[in-house]
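There is one chain below, alone, in structure tokens, taken in the form predicted alone.
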């Protein structure tokens, strides 16, 4: 028996298994029973280590259920282990990290209190939407990036004179980091989002440098795919060749994958922070290093 337990939440079973293997820990699985009223009851199988536990649970939809389950698992682990490391591969609510409009609740502030309250010693997140979200945490926190693993995947593809593109100015640093790791150039488009309606428009007029080149659109997450669709339609008009999408977290809500493909994207490549058809890149190694 190992002196470390990896407790797997239902939303991250495969990833938790891979992490446990990499750090040579015992894997403890959880089963969830959902009652007719929507409450969930979690049962763990296996003996939790007294020394250290690592809880792995992504907070993707259903966000509130997965969050409550994560908090419950941490709380249970803390009853037995003296140290509990929480791994939230995809941090739901990370976009609610400030008051954009008067009266809005900054939910990341609430989460910071909850994770501390249930007994987390340290929290590890993969490509958090904005590091500002961590400003509310008083526990140790670490953001790790999936960019090197994503780049490794794209290096294996036969791309024609590739160029890295950020769909907006907000993701400029991410695209720059991706391009640096790949030893390529990058550009960032300008978009405008209406805070009330959520509608997105591309403000960039034209980009000659995309002509006849394969493009990799880089983003941290894709929810409904609005930004990616707009960017792709705009880039296709500029006579680029193929458009690929690289992102860490592919939520792909409301039939987003089909809509993105229809806009002209050849392939969407995401990581296993959220399991799905597009999660072709494994981040267990990156997380295992952060735990060690």
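Residue numbers count along the first chain shown, from 1. From a predicted model like this one, the values you see are computed outputs, not experimental measurements.
One more form of this protein, predicted in complex with ribose-5-phosphate, exists but is not displayed; see below.
- Relative to ribose-5-phosphate in the model of the complex, residues 129, 219 and 224 are all within 4.5 Å by at least one heavy atom.
- This chain is displayed without ribose-5-phosphate, yet in the model of the complex the stretch 225-233 from 44-52, 31-39, 239-247, 225-233 comes within 4.5 Å of it by heavy atoms.
- In terms of contact with ribose-5-phosphate in the model of the complex, the residue from 152, 201, 95, 113 that brings a heavy atom within 4.5 Å is 95.
- Contact annotation: of the candidates 78, 213, 122, 191, the single residue with a non-hydrogen atom within 4.5 angstroms of ribose-5-phosphate in the model of the complex is 191.
- Within this chain, residue 168 lines the site of ribose-5-phosphate in the model of the complex, having a heavy atom no more than 4.5 Å away.
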